[in-house]
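Given next, in structure tokens, is a single chain: the form predicted alone.
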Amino acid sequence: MKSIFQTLPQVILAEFDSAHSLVSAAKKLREAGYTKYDSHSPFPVHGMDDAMGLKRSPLGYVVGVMGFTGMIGMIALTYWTSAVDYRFVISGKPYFSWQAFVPVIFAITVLFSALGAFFGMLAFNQLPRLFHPVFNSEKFSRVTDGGFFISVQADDPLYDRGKVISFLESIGGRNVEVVDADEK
């Protein structure tokens, strides 16, 4: 896994007119064989995962395993405390009366699931990323207001500066620029 301090040496950034043209450009980049590129938009774009050829996220499995771990751990803890460590008969009920522990078991299951979702999302998205070369671009600041961008990373196997620039322009990219990490 990459360190949060690692940066890319440079990226090529291209702006697109709309979300539809961004999805179309991402699909064309994938079909051309590029693997290390990213799309940037002010809102989630439906169909972008399919256009980029991204696999389904394993985050759901992490959340499920963490929730199950929390549930089993809490059942074990409540069983140990009520039936083994401190055996005390209350109102003639059995030592382990599981119905009384459902709320706390549910709460711990939800807590572990939430923690798994939070930390899993950070790990899978390689966050926090303290720096990315696109932050050096003045034009990229429009991504939060309505700009649609694609950045192709310099560590892509098909990266050739001139070919990438001409390819991005041929698929509708405008304001294509090479952004270096140490530009500022």
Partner chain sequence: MKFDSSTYRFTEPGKLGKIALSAGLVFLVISVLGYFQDSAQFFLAYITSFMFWLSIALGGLFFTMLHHLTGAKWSTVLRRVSESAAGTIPLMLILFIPILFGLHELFHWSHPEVYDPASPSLDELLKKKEAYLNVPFFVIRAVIYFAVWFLLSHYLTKTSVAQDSGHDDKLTGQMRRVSAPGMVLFALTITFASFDWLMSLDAHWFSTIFGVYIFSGAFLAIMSFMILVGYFQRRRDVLTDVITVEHYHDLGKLTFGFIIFWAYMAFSQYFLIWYANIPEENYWYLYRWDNSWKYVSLVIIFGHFVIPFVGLLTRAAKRTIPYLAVMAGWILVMRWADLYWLVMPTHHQGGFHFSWMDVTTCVGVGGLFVWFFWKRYTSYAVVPVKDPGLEASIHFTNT
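Positions refer to the first chain, counted from 1. Keep in mind the model is a prediction, meaning the values are calculated, not measured.
The next section is about a form of this same protein that is not shown, the form predicted together with its partner chain.
Undergrad: Identify which of V102, V84, A114, L77 has a heavy atom within 4.5 Å of its partner chain in the predicted complex; exactly one of them does.
TA: By the 4.5 Å heavy-atom cutoff, the listed residue in contact is V102.
Undergrad: Can you tell me whether K55 touches its partner chain? I mean in the predicted complex, with a 4.5 angstroms heavy atom cut-off.
TA: K55 lies outside the contact set for its partner chain.
Undergrad: Which residues in 79-101 have a heavy atom within 4.5 Å of its partner chain in the predicted complex?
TA: Contacting residues: K93, S97, W98, Q99, A100.
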